[in-house]
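Let's start with one chain on its own, the form predicted alone, as C-alpha cells.
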Amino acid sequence: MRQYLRNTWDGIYTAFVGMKITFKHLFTRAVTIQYPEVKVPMVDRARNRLYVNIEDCIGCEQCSKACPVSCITIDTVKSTPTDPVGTTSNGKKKALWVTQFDIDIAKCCFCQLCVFPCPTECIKMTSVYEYSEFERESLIYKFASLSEAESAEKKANYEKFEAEKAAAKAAAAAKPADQNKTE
C-alpha cells in the first residue's frame, strides 16, 4: 500500500513539473523563423562554402596539402618564358598555370585548414551556407579559369619547350665531343 501511494505521488508530481514547463513556454513569444524568406544572420567566424579567387592563385598546392579529407584537387603546368602567366593582386609573380582547381564540397568537413596556409590568401570561407543539390557531381566546384582546350595547349607548349631545351642541351654536349674527335 505504501509503495502504491508513493508511485501515485511521483506520478502527480512529475505531471505538475511537466505542466510547469509547458505553462512557462505557453506565454512566451515564438521564435520561429520563416526560413526561405527570412534567414538567420551568420556569426562572423562561421565556416561555410569555400571560394577561390583563381586570379590570385599561384598553384602552390598548400591548401590541398593541408586538407585533411583531400577534397581539393589542383593541377598545374609550368609556364614557358614566352608565355608569361602574370601577377597576383598583391604583386607576387606567378610561374604556374592552374589548369585544374576543384573542390568537392561533398567531402569537405569545413575545418578551414586550407585557408590559413595560402600565401596569396586566394581561398576563403564565405557566408553562403545553402548549397544542396540533386546530383552529387554538382557539389564539385571548378574554379580554374582555363578551358580544357587551353589547358591542353599550355601542357603541349611546356612539353615542346622542354623537348627543345633537352635537344639544345644534347647538341651542346655533343659539340665538344665532336671537337675532341677531330683533333
Partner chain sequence: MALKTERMVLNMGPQHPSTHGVLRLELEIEGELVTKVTPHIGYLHRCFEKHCEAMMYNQVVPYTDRMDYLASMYNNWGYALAVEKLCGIQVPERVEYIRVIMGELQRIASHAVAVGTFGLDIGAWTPFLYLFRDRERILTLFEMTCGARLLYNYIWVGGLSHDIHPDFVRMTREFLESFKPTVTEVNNLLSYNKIFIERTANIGVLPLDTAINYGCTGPTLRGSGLAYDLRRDDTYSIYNKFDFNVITGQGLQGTLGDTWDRYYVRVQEMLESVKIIEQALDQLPAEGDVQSAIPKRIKPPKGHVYTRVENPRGELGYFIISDGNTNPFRVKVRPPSFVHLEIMDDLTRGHLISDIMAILGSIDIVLGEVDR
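Heads up, when I say rigid core I mean the largest set of C-alphas that superpose within 1.5 Å between the two forms. Model, not experiment: these values are computed from the prediction. Numbering follows the first chain given and starts at 1.
This protein has a second form, the form predicted together with the partner chain, left out of what is shown; the following refers to that one.
Novice: With the partner left out here, if you bring back the partner chain in the predicted bound form, are 15, 43 and 111 all within 4.5 Å of it by some heavy atom?
Specialist: Yes, each of 15, 43 and 111 comes within 4.5 Å of the partner chain in the predicted bound form.
Novice: Heavy atoms, 4.5 Å, the partner chain in the predicted bound form: which of 50-58, 65-73, 131-139, 144-152 makes the cut? Say which one.
Specialist: It is the stretch 65-73.
Novice: Does any heavy atom of residue 169 come within 4.5 Å of a heavy atom of the partner chain in the predicted bound form?
Specialist: Result no; residue 169 lies far from the partner chain in the predicted bound form.
Novice: Residue 116: heavy atom within 4.5 Å of the partner chain in the predicted bound form?
Specialist: Close contact exists here: in the predicted bound form, residue 116 approaches the partner chain to within 4.5 Å, heavy atoms only.
Novice: Does the 4.5 Å heavy atom contact test between residue 31 and the partner chain in the predicted bound form come out positive?
Specialist: Yes, residue 31 sits close enough to the partner chain in the predicted bound form that at least one of its heavy atoms falls within 4.5 Å.
Novice: Taking any heavy atom pair closer than or equal to 4.5 Å as contact, tell me whether residue 21 reaches the partner chain in the predicted bound form.
Specialist: Yes - in the predicted bound form, heavy atoms of residue 21 and the partner chain come within 4.5 Å of each other.
Novice: For residue 20, is the CA shift between this form and the one not shown at least 2 Å following rigid-core superposition?
Specialist: Yes: residue 20 shifts by at least 2 Å between this form and the one not shown.
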